[in-house]
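Single chain ahead, written as structure tokens, the form predicted on its own.
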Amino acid sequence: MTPETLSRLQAAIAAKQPVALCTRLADGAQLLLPADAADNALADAAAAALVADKPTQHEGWFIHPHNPPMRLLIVGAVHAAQAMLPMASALGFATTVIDPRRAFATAERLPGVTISHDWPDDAMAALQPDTRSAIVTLTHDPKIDDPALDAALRSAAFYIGALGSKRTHAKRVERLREMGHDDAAIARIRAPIGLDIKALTAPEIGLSIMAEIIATRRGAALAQRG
């Protein structure tokens, strides 16, 4: 690897930009995609490797994807959020807990994660969730959850989930419609949140949510809803 390529790769990683390092096995020539010019087939293979988040080979090229960390944005410093934190960390998620209620969102209750005391719409504007972001709302308080969901639906987040019963969600849907979201957008919300494992306790609820996030990310059949 040339110093210039190394410098560019390090800069992309520091800027949290997805980049694929493509090495031609015959002579060691390297490209950084999508920034460098490449034929369509190689560009498509690099894009696919970034989505799959694993190395691959394509017609004599070795493609090594470098993605920014997956992010989990949790709205509500509740017991289920506490239960999710060690799971999310073990799964490689960079987690931020958003809750303007400072009595709940404390470093003592939420060790080792980033805490935002901003209102969710302001927090989302600062965090700018992307295709590697999962967003969950857990407070049951429309004043907190609704602004977060409004922002989430305007983002490219790959997963959006909201805690609450079907009855609670039906009321939430009406409020989101009043905010300008159509049925197709609202259908992105996983509600009731999590895989249906009959979860009752906070750790079980946390497990069901994390499992659904992973299933959605990997395109597993478990993530499909009727």
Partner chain sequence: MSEDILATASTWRDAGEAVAIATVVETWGSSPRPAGSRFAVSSSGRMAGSVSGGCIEGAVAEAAAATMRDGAPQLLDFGISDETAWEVGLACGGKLKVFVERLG
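These figures come from a predicted structure and were not determined experimentally. Residue numbers count along the first chain shown, from 1.
The same protein has a further form, the form predicted in complex with its partner chain, not shown here; the description that follows concerns it.
Among heavy atoms of residue 92, some come within 4.5 Å of its partner chain in the model of the complex. Contact between residue 17 and its partner chain in the model of the complex is not found at the 4.5 Å heavy atom cutoff.
Although the partner is absent here, residue 9 is a contact residue: one of its heavy atoms lies within 4.5 angstroms of its partner chain in the model of the complex. In the model of the complex, at least one heavy atom of residue 1 sits within 4.5 Å of a heavy atom of its partner chain. With the partner left out here, its partner chain still marks one of 41-49, 168-176, 154-162, 24-32 in the model of the complex; by a 4.5 Å heavy atom cut-off that stretch is 24-32.
Using a 4.5 Å cut-off on any heavy atom, the residues of 55-70 that reach its partner chain in the model of the complex are, in sequence order, 55, 57, 62, 64, 66. Relative to this form, the distance between the C-alpha atoms of residue 58 and residue 219 is increased by at least 3 angstroms in the model of the complex. Contraction of the residue 13-residue 89 CA spacing by 3 Å or more is recorded in the model of the complex, set against this form.
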